[in-house]
Every structure is written in structure tokens, then in C-alpha cells.
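Form predicted on its own, single chain, as C-alpha cells, below.
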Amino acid sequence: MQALTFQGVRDVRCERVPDPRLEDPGDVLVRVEVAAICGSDLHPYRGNEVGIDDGTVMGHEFTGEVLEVGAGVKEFKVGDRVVSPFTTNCGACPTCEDGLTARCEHGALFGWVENGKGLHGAQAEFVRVPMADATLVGVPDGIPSEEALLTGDILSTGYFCAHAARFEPGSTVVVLGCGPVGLMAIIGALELGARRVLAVDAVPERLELAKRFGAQAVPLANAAELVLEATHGRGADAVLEVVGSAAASRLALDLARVGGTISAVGVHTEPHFAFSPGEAYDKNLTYVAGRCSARHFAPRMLEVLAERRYPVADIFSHRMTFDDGPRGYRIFDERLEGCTKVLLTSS
């Protein structure tokens, strides 16, 4: 099959690799209809996260059609349209029962093979899905595949970020970073009752998208001034930090009101917090962080998509085939051509 494979830092190639096959009775094989490049894919691509084996098939965002089912699969049949979260999960361990499916004791991340162990990804014509009954979610008729794909990661992650902040309806919420997850966090904040969402970014095109999703655009250069002005000097009830950098953490602290909350889903690789325990103490700050359990949130997100109230497909600035995938990685990484998100197909 055709697939995008990791071959080293900033080296992703489109090549022929063996087709996946069923390895366990609970497995399903999916013919990938659409896949996407995620910001998380850039962590190994840039070398910020290390350990992935050369030759690993990349990617964890996909929707497709069930092609083959293992003997133990009960919930799905050949021909079903499905979306998958970015991690597999068993649905029965203590963390899964708590709704933390992304921390399943038996789960694996699509697109990460290390020392020969792990799970190949979905930027390919076909993908194997272990523990399919608990992992996959059926896609209802009427929801386009490219939109359903978002529930397996970034739409669920944006909603999770807002949900974890636990703000009251009528609150003022800041979304810090208007990349793909930030745009989805705007939806999450509005769905959970925010009266006003202030979206902060330095890129004008991203701010324009944020306005289309229902937020008030705030340029990064004067974010502190504008947020304080909008909140009568108090600060935001909640700051949704989706960037994953020390600078973003510092700004989040500055924008949050006394007694406010920072909810962070950006993947941080720095060794220390950008603010001190004393600064958090002096603001009575609540800080929450973690990986989204997309399987837990995906059914609700499919309901949101069915309501057709947000222009979610606008998030895809580029659509290309796997052949052109290496260029897709480059323009996404370097933010060329106004790139916000890349959708991939096999033909």
C-alpha cells in the first residue's frame, strides 16, 4: 500500500509498504478515506519527540470504511463508516471506565513504533485498528468524512480543553492560539456556555478564521491590554492554552483573572513551568492539563457536527494526495501558503 513514513527529522516520504493484516480477533482493517496531518505529527517530524523508528507509518487522524473484521469483533461489520480516536482503548480497564480512554492501560498511539513495538499510523491506504469494538465510533449518515475525522482528535481536544476549565455559563473565555485545536476550542467554549470568547494569535489569517467560528479576534501583540479592557480590568474567567510553549504559559497566567483557570492541552516539552508556584498561589489559580480522551468525547462531537452550526470544514486549507504528503508536512511545519491544516487522500 501507499503510505507516508517517518525516515528522520523533517524527512517524511511517500512509499510502498506492506498492507496491514489482522493480528488479533479484536482487530479491524479500515480502508482510509481521508487522513490529516496533525500538529502532534510535527513533534517527531521536528525532532522534539524522539524514539520513533524509521519506517513508521505516520498519522493518527482518519475516517474510513471497514474492510475486514476479526472473529471477535461484534460492533462493526464490513462496509461500516468509522472514525477512530488517535489512541486505541480497551473500554474496560479502570482508566477507561473513568472516561480517560487516552490513558488506557492496554492502548497505543497510532503512528508510533519504537524499538519495533507500537502501532503504525493512518496516513496510508489501510490501517489496522486493535480493540476495535471499544476504539472505533460509527459515523452517522449525513456527516462528511472530512468533518467526522475531526472528532477523533482536534474537535474532541478543543472541547475537552474547554470542559476541563469548568467555567460557568456566561463566562469570558480566552483561547490562546488559533491553530486547528484553538479553533476547535472556540467551539468547545461556545458549546459549554461561554458568553464571549476572545481568540489570541499573531497570524491575521488565523484570527479571521477565529471570527468565523464565533470568537472575537485579539492580536497577540496587545493581547494583555485588550483582554483587560474587555473584562473591565479583571482578566478572563478561563484561558484555554493550546500552544504548548513557555511563552504561552506565561501569557495565560497574565490573562487569567484572580480565581481563574488555565486549561492546557498544548504538548509542552520544556522542563519547568513558566511561572512559579508563588505566582499561582497569589492568583488562587487553577491549572489543569492533559491528553484528551477523544473516544470518550467523540460521540458528543458527532452530535455537534450533525447540528451544522460551525464551518468546521473551513479548517482545511490544503487538500492533497499521499504522493504530495511530504510537501504537506513542509508547508504545515513552516506555515507556508496560509496553511492551517492538510487533508490527505490516496487518490
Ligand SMILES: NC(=O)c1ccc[n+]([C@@H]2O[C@H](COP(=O)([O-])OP(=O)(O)OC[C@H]3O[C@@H](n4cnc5c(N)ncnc54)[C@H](O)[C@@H]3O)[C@@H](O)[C@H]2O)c1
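Residue positions are given as counts along the sequence shown, with the first one as 1. Predicted model, so just to flag it, every value in this text is computed and none were measured.
Below, we refer to the form predicted together with this ligand, which is not included among the displayed structures.
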Hey, in the predicted complex, is residue 243 touching this ligand, heavy atoms inside 4.5 Å? yes
Quick check on residue 157: any heavy atom within 4.5 Å of this ligand in the predicted complex? yes
Contact label in the predicted complex: residue 248 to this ligand, heavy atom within 4.5 Å: yes
In the predicted complex, is there a heavy atom of this ligand that lies within 4.5 Å of any heavy atom of residue 327, even though the partner is absent here? no
So which of 69-77, 128-136, 270-278, 174-182 is the stretch with heavy atoms within 4.5 Å of this ligand in the predicted complex? 174-182
As a check of understanding, the residue in 32, 28, 292, 58 with any heavy atom within 4.5 Å of this ligand in the predicted complex should be identified as 292
Contacting member of 150, 122, 200, 189, with respect to this ligand in the predicted complex [4.5 Å, heavy atom]: 200
Judged by heavy atom distances of 4.5 Å or less, which residues of 262-277 approach this ligand in the predicted complex? 265, 266, 267
